[in-house]
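Let us start with two forms of the same protein chain, each given on its own as structure tokens and named structure 1 and structure 2.
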Structure 1
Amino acid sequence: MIGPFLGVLFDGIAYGMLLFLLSVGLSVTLGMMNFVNLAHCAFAMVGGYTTVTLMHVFGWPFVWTLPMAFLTAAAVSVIFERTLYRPLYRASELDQVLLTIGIAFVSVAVAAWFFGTVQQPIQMPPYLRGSVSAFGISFGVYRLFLIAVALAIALLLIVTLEFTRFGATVRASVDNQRMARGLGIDVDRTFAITFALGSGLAGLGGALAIEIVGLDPSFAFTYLVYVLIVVAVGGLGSIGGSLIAATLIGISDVAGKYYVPETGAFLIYLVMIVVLMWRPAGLFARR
């Protein structure tokens, strides 16, 4: 009884870490600019396909592709930010929603054009395969690796945000954009950097996700819903909130599918609606 329970808990945490990487960037940029970016998971997909291409075409080892997944997603996002997003920062949310859905649609088609609609399997290096046993349960090595990477990044982000000058400008911009501008902070530039970082993290998440949930062109929409739920529950602009929310949702999703498979995603949607109605700014909102 306890064995499966701990196994589910472990898988749930690993899944939650993945959701954290995918959503933390959106949480911060949404908190800062109120820009509704529904193409966020398209940037994650860019990271995923970067890893696939580097491994299959150029024979890179998996771990080395991860920084490239980050960089490519960040670079692509900067291009979009400069050209399409910037003119719409003060536009209505409908315009933002439509533009970014449009970009997500295009990304799905482009991915299907280059890679087909099939799943992209990748071969993990030997040291990330298999599992280790402890307390009578076996832990997947890859999932341990994923959790370690995500926690390290979370720590890095929190330290950056709390203790560096750049972090201070980001926090000021999220808390009160007008006041930050008044203090002479270049909010637009801060936003552009944060946006690139956030998209890069999503790209990294997309690459790390392949082994767990697979990769096909529908990724841009399938995980968007989960990412939005994490953002909504975690609260805008809160890294700790995103981490907790992602873990909770990861665990409840895995547990729900294991114990009550007949409810499907129903439970998660219900949780999101209830949380939004109870605390519209999220459970762990900065504001």
Structure 2
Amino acid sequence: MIGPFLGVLFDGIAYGMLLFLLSVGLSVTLGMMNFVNLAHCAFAMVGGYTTVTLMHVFGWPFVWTLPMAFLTAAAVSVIFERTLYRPLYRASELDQVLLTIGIAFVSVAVAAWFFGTVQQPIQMPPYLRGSVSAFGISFGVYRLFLIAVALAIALLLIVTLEFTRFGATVRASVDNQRMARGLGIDVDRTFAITFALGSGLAGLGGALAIEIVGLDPSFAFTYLVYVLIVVAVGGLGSIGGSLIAATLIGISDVAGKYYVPETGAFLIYLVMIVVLMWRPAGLFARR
């Protein structure tokens, strides 16, 4: 009994770390910039297809494609931020939703046009394949790698946004733009960097997700629901909240499909409902 339980727990944590990487960027942009970006997973898809292209066309090793997935998604997001998103920072949430959901639909069509509608396979390097055994339980090497990357990024983000001048600059720009500009802060530049950071993390998550959940043009919508659940449960703008919420949702999803497969993904919605009834603003919402 203990062996299968620990295996499910490990897989749930690994899946939760993947959800964290996909969702933390939206938590940053939505929680700190107050911008509803439903095209967030489209940027994750950009990162995924960047990895696929670099590996299949140019023969890059998988690990080398990860920084490029981050940078490509970040660069694309800066273009959208400067041309389409910036005029809507002070618009209503409905205007933001309509624009970004439209971009998500367009991204699905563009991905299908260039890459087709089939899943995109990639070949993991030998050192990320297989498993290691401990205490009589096998742990997938790639899942261990995924957990390590997610925890490292969570720590880096917490330090950057909570204990550095840049984090203070972002919070000041969001709270009072006029005052921030009066203090000499370049608010437009700060927002562009923050948006690029959030979208770049989505691109990195999209690249890392290929081995676990695959990649096809529907990715932009399939995982948007999971990302929104993680952000809602964790609380807007909370990195630690997103990490804990993603872990909770990941374990719930894997355990539900393993132990009560007839319920499908219902268990994660039940978890969301219970948490939000208890704490409507999420577990660790920023005040």
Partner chain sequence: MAMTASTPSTDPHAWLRRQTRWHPVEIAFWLATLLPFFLFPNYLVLASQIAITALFALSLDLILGYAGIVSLGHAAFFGLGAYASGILSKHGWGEPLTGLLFGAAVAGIVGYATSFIIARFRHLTLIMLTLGFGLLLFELANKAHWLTGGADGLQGVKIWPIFGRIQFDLWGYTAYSYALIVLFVLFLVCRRLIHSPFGLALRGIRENSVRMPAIGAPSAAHIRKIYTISAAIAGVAGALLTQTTETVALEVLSFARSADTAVMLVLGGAGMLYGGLIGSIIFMIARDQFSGIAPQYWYFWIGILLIVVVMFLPNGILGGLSTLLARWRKP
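Note that this is a predicted model, so its numbers are computed, not measured. By rigid core we mean the largest C-alpha set that fits within 1.5 Å across both forms. Numbers follow structure 1, counted from its first residue as 1.
Correct structure when looking for the form predicted together with the partner chain: It is the first structure (the form predicted together with the partner chain) rather than the second.
Did residue 174 shift 2 Å or more between structures 1 and 2, C-alpha, core superposed: Yes: residue 174 shifts by at least 2 Å between structures 1 and 2.
Core-superposed C-alpha of residue 275 shifting 2 Å or more between structures 1 and 2: Yes, shifts by 2 Å or more.
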